[in-house]
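This document opens with one chain alone, in structure tokens, the form predicted on its own.
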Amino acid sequence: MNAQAKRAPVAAAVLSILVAAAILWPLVAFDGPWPRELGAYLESRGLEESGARNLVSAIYLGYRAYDTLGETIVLLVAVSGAIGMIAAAGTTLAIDYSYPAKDGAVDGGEAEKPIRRKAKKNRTDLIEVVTGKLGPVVLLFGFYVMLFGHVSPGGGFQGGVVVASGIVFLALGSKGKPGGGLSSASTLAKLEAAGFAALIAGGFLGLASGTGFFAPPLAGTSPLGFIIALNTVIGLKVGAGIGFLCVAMLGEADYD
């Protein structure tokens, strides 16, 4: 590696720091009073207008649902990029050229056929039994956090992370075998795609009924049911995405 190639990461890091400082400096230097009108309005009218006792859910699934769509897209891109990097690294590291192939010769000798190495089992029987039993319990709690996020601390993102933890427990309790059922990489990928599609469809339902983008599709009704539905969809998408990422890092996913 030449000197110019070695300096490139350092220059990129310095540039990133300078750009971040330029963006954040106005916030640090700002000494005026922060606006409080919107916060006061949400505090006084949020429960009445949304039906959600948890005002955080009312804001990110009601008043600012479009921003939540952006957050889910960021998470989708981040998970997709991480999965791509893990798949590429896994393909490189998992190839073993120490066994001869049967399909010809190279340079006068036997050809060498790439063979995947078997993953080393790094978990004990105790871990497998305990995580296998705890997995369904954690999943149940995750669904509770999703479904009751409008009346208690929680919601789609928090419940999705708990669901992902349950998926990891199920994968760890698979006794060293490739994950099956909910901890299957292919199942998680399909579930995340279905969750994202349902979230987009939920946004366009309001447009189709004339109430507005990401607005409750039935005009004149409380948005509480729509908030619960969005919490569930977001939770499933987040849980499947993060669970897929964790299963891949555990070496359970197959990219062939």
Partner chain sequence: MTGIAESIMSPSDWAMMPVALPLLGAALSLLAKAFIKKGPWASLFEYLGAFVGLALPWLALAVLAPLVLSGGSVQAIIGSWSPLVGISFRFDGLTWLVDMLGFSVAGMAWLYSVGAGPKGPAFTTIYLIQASALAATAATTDLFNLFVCLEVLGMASYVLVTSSEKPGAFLAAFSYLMVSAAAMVFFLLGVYGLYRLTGTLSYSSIAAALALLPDGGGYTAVVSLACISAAVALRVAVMPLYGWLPDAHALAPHAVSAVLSGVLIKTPLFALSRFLLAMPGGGMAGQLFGYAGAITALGGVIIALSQKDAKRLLAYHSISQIGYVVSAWGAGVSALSRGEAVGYALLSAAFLHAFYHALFKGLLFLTVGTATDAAAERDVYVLRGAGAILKKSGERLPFTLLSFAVGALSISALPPFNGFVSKAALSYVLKGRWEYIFLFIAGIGTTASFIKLAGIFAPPKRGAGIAAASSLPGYTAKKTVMTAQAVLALACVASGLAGPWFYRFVGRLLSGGHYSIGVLRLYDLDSLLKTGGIVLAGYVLYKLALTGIGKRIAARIRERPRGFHGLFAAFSLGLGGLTLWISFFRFQ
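Note that the rigid core is defined as the largest set of C-alphas that superpose within 1.5 Å between two forms. Numbering follows the first chain given and starts at 1. None of these values were measured; they are calculated from a predicted model.
Just so it is clear, the following notes concern the form predicted together with its partner chain, a form of the same protein that is not shown.
Using a 4.5 Å cutoff between non-hydrogen atoms, residue 81 counts as a contact of its partner chain in the predicted complex.
The shortest heavy atom separation between residue 73 and its partner chain in the predicted complex is within 4.5 Å. Within 4.5 Å of any heavy atom of its partner chain in the predicted complex lies no heavy atom of residue 126.
Mapping the unseen interface onto this chain, residue 212 counts among the residues with a heavy atom inside 4.5 Å of its partner chain in the predicted complex. The partner is not shown here, but in the predicted complex the stretch 189 to 217 reaches within 4.5 angstroms of its partner chain through a heavy atom at 189, 190, 193, 194, 196, 197, 200, 204, 207, 211, 212, 213, 214, 215, 216. Superposition of the core reveals a Cα shift of less than 2 Å for residue 70 between the shown form and the other one. Core-superposed comparison between the shown form and the other one: the Cα of residue 201 travels less than 2 Å. When two forms of a protein are overlaid on their rigid core, residues whose CA moves 2 Å or more are considered shifted, and residue 26 is one of them between the shown form and the other one.
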